[in-house]
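Given as C-alpha cells, the chain that follows is alone and in the form predicted on its own.
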C-alpha cells in the first residue's frame, strides 16, 4: 500500500486555444494538506477542476489511491461521481429550499444508499462539524461559518479519500476566516483526510497547508513547505509573491562567495546571491518588511534614510523611508519622529536576483 492519496503526472489542460496547464506533476500524501497558490490565470482552479473530473485534460494521468481516474495514454476517464473525492465550492452551492439534513443527505439518496445508513452517516458528520442541532434549519437561517460547515459536511458524508476546496473561506469576514482556517486544518488532520485547497491568500495557505504549490502561467514555479517557500525562494517571482517585501533595483559591484555588493545612486548594500550573477549585472534586491531594523549606531548594511511617513497598524507601526526615490518599508513598535534614521538591512536577509 502506498501513502500517496493523489498523484498528478504531467497534466496538460487546453481550453480552446489557451494552454492552461503545461505539464503539472504533484503528489499528496495521506493526511497532507496542499495549498495551490498563484496569481489570477495561473491555472490553480483549472488544476483543481481537472482532479475532480470537471475539466478534461489533454495529456497526463491522475491517480486517487490505487485507482487511475484519468490516463490520456490508456484512454481512461472515470466520471466525477466515481472518484473518491469531496468538493467544496467557493459559493457553497447549498440548495436554499432544502434543510441542512436534506442538503447533506441528497447525494447519498442519488446513490441509492439505504435510508437507515443515510440517517446514521448524515447525523455523524453533522455532529463532527458542530451542526448536530441544526439539521432542520434552512441555509438562510445559518451564519456564513455554519453554511461553510454544511458544504463541508456534504462532501465528507461520502467518506472521500481526498477533499478539494476552492477558496473555502473567501465568503467569511476577516476575523472568522482566521478562526476557520485553524479549525479546518484541525478537522482535516483529525479525520486523517488528504486535502487540496485553492486560495489566493498566502497567509491562509501558510496557516493551513503542509505543502504550498505556487503556479505561474500553467507550470509549478516552486513547491515546498510554507517555511521553505517563505524563507528560501528559488526565483524573484516566488520571493515577491510570498510575504510583504521591499524590492530595490541596482547593479552588482563585487562578488564575495555566496554574497555580493549591490549599488545604486548614493547607496551600497551587501546581500545573499539567490541567482547566478556577475559584476556589472543589473539585479533586484528583495527584503521582507519584518527584517528591516532601526539601529542606534552606524554598522554594515545600515543606511541613514529620511522617514517620509509612519502608519499605525494597531499591533505595530509601519515606517516608510526614502532610498534614492524608492520607498523602503519596515515595522516597529513605536511612533518615530520625522527626520533621518539609521536603517539596517541584514545582509543574510537581503536576497539578490
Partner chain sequence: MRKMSPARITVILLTAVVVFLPIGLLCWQSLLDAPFFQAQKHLGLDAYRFIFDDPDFKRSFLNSLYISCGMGLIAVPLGGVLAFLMVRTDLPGRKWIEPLLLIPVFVSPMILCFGYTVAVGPVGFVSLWTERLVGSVPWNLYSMTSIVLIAGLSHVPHVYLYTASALRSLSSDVEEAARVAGAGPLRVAATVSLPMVMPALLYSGVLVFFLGFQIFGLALVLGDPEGHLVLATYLYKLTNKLGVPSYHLMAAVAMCIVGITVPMVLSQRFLLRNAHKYITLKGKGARQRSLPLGGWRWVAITLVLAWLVLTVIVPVSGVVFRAFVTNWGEGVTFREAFTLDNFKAVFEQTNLMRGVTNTVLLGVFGGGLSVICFAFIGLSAHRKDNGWTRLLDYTVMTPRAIPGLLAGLAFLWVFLFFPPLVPFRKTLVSLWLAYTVVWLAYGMRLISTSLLQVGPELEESARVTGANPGQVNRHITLPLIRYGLLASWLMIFMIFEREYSTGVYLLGPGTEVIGSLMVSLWGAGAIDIISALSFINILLVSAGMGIALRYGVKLHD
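Because the structure is a prediction, the values reported are computed rather than measured. Only the largest set of C-alpha atoms that superpose within 1.5 Å between the two forms is called the rigid core. Positions refer to the first chain, counted from 1.
Omitted from view is the form predicted together with the partner chain, to which the following refers.
(message) When the contact criterion is heavy atoms within 4.5 Å, does residue 237 count as touching the partner chain in the predicted bound form?
(response) No - in the predicted bound form, heavy atoms of residue 237 and the partner chain never come within 4.5 Å of each other.
(message) Contact with the partner chain in the predicted bound form for residue 55, defined as at least one heavy atom pair within 4.5 Å: yes or no?
(response) Heavy-atom contact with the partner chain at 4.5 Å: present for residue 55.
(message) in the predicted bound form, is there a heavy atom of the partner chain that lies within 4.5 Å of any heavy atom of residue 74, even though the partner is absent here?
(response) Heavy-atom contact with the partner chain at 4.5 Å: absent for residue 74.
(request) Answer for residue 185 alone: is it within 4.5 Å of the partner chain in the predicted bound form, judged on heavy atom distances? (result) Contact check for residue 185: no, nothing within 4.5 Å of the partner chain in the predicted bound form.
(request) Mind telling me which stretch in 198-206, 222-230, 107-115, 176-184 gets its heavy atoms within 4.5 Å of the partner chain in the predicted bound form? (result) Checking each option against the 4.5 Å cut-off leaves 107-115.
(request) Just give me the single entry in 265, 81, 256, 133 that has a non-hydrogen atom within 4.5 angstroms of the partner chain in the predicted bound form. (result) Only one listed residue qualifies here, and that residue is 81.
(message) To verify the annotation, which of these, 98, 270, 119, 251, has a non-hydrogen atom within 4.5 Å of the partner chain in the predicted bound form?
(response) Flagged contact: 98.
(request) At a 4.5 angstroms cut-off on non-hydrogen atoms, which residues of 83-108 are near the partner chain in the predicted bound form? List them in order. (result) Contacts from 83-108: 85, 86, 87, 89, 91, 93, 94, 95, 96, 97, 98, 106, 107.
(message) Superposing on the rigid core, I want to see if residue 82 changes position between this form and the one not shown - specifically a Cα shift of 2 Å or more.
(response) Moves: no, less than 2 Å.
(message) So that I can tell if residue 257 moves, could you say whether its C-alpha shifts by at least 2 Å between this form and the one not shown after the core superposition?
(response) No, because once the rigid core is superposed, the C-alpha of residue 257 moves less than 2 Å between this form and the one not shown.
(message) With both forms fitted on the core, check whether the Cα of residue 200 differs by 2 Å or more between this form and the one not shown.
(response) Residue 200: C-alpha displaced by less than 2 Å between this form and the one not shown.
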